[in-house]
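Next up: just one chain, as structure tokens, the form predicted on its own.
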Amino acid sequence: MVPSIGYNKTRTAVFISGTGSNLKSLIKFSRTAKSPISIDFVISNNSKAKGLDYAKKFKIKKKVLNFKNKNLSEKELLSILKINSIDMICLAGFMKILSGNFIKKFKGKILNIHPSLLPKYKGLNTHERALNNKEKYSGCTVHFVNSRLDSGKIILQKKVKISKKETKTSLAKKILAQEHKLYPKAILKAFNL
């Protein structure tokens, strides 16, 4: 069901820590007619995150929270999200783990993209671990966030073949290209569109 003109898109915040390439692809997607979301806020735990430039470029409000004191940062975060009527969160390379309490407040409304075929290789260094274990395939997963690390219900996955000469860098690049396509598709699926 494609939303009609005048359809109110779900106000979404994207949480980033780094280059923001998934943020960029989500912003592009959010500006298409078929997208059920609008990106209205960017949150980062890293003031040097390159992704913050996209927020500036596309005139999206942004805020940096250092998460040194997780409780205080999350309290401030919840207040920002409430003031800005944010209904959904997309984690895109966000390197902090949100508390169970925070996740509860957005139950079923937080999505994450992870660079492996979950449930394999939760956490960090996914490409290195896949290569060390001589996997034939890796890929990426978009899932709902619950209080256990990278364990929420899977929405969509994309498999990527690992070549014989694959390096950590080449695999990361290959998978990232697929992430940019997978995240928008997973959002449409999460909204049953």
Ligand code: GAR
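Sequential numbering from 1, following the sequence displayed. Bear in mind that the values here come from a model prediction, so they are computed numbers and not experimental data.
The protein also exists as the form predicted in complex with ligand GAR; that form is not presented, and the subsequent description refers to it.
Contact between P184 and ligand GAR in the model of the complex is not found at the 4.5 Å heavy atom cutoff. When ligand GAR is considered in the model of the complex, S21 lines it closely, a heavy atom lying within 4.5 Å.
Ligand GAR in the model of the complex comes within 4.5 Å of a heavy atom belonging to M95. Within this chain, I113 lines the site of ligand GAR in the model of the complex, having a heavy atom no more than 4.5 Å away. Partner contact region in the model of the complex: 114 to 122, out of 81 to 89, 68 to 76, 98 to 106, 114 to 122, criterion any non-hydrogen atom within 4.5 Å of ligand GAR. No residues of 58 to 76 lie near ligand GAR in the model of the complex, the criterion being any heavy atom within 4.5 Å.
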